[in-house]
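First, one chain by itself in structure tokens, the form predicted on its own.
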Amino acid sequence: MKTFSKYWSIFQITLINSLAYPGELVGRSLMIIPFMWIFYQLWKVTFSAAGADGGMISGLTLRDTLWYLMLAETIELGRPPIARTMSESVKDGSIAYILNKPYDFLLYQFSTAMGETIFRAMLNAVFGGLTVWWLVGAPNHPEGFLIALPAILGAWVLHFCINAMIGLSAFVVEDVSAFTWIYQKFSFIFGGMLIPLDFYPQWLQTIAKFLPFSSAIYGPSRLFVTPTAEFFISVMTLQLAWIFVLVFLLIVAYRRGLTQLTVNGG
């Protein structure tokens, strides 16, 4: 309980600190509005050009597609730049100060990441949701958000594990910007952030839906628009499997990274 209390306090402090500059927080969250406007114009033309039967493509209507993309963007835009933060701490030498603190390095990073994520995601969801509501109307299944909430939390855990492993590579290479760029592109393509995986060819869907990128973006977003018990079990099962694997790999990478870390600075 003392250990949990320590990291809960770190989470709370970070959560409060994220409100220190409300203007910057709101301004960054407003970026989702033009994104959703562009998505609306793009997919409205796509559905029209495809001559979608009953206004539906691969089981999704235009309204479903926009609400799916809103939640996908909320998940993506809400997460903090963990890998870049860890890389900067290696470059400036502050990593030595952090590692000497009486807490677990990975749990500290996780607590701060979750603290930074909450309000970012909430504001993105509010501004994005209001924009989509104005463009296409209310979601067909408003209760889908509550059903998808555990999957959203799981998505942030997956994002943390992958980004933390990228950040740990800074222990060896220092600059991780190239790895971060590659990860973002994989998320765009195989995570279904720009195009729902349902619109892909069947063989590509099969591959993409098995990867952790889809569990971090596609699964929660699709569950929001189709909140069925069967799909919920499928999404959560795959998420938990990937979380178990990635947490194990993260711990191994951290222990190996410590043996190769060269601290810069004075």
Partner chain sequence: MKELKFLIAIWKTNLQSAMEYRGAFLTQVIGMIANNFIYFAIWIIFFNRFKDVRGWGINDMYVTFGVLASAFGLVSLLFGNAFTLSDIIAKGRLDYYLSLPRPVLLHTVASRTIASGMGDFIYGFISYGMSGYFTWDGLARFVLAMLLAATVFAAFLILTQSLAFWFGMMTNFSNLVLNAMLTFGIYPITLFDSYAKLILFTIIPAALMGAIPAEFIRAFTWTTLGQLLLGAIGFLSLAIFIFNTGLRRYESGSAIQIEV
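Residue numbers count along the first chain shown, from 1. This structure is a prediction, so every number in the text was calculated from the model and none was measured.
FYI, the form predicted in complex with its partner chain isn't displayed, but the following is about it.
Peer 1: Every residue in Y21, W37 and A178 with a non-hydrogen atom within 4.5 Å of its partner chain in the model of the complex?
Peer 2: Yes, all three are in contact.
Peer 1: Using a 4.5 Å heavy atom cut-off, indicate which stretch of 178 to 186, 146 to 154, 161 to 169, 133 to 141 touches its partner chain in the model of the complex.
Peer 2: In the other structure, the partner sits against 178 to 186.
Peer 1: Would F232 show up as a contact with its partner chain in the model of the complex if we use heavy atoms at 4.5 Å?
Peer 2: Taking the distances in the model of the complex, the answer for F232 is no, it never comes within 4.5 Å of its partner chain.
Peer 1: Is V126 one of the residues lying within 4.5 Å of its partner chain in the model of the complex, judged by heavy atom distances?
Peer 2: Result no; V126 lies far from its partner chain in the model of the complex.
Peer 1: Is there a heavy atom of S58 no more than 4.5 Å from a heavy atom of its partner chain in the model of the complex?
Peer 2: Looking in the model of the complex, residue contacts with its partner chain include S58, since a heavy atom lies within 4.5 Å.
Peer 1: So in the model of the complex, does D64 come within 4.5 Å of its partner chain, heavy atom to heavy atom?
Peer 2: D64: no contact with its partner chain in the model of the complex.
Peer 1: For the stretch 26 to 43, which residues lie within 4.5 Å of its partner chain in the model of the complex by non-hydrogen atom distance?
Peer 2: Sequence-ordered list: G27, R28, L30, M31, P34, F35, W37, I38, F39, Q41, L42, W43.
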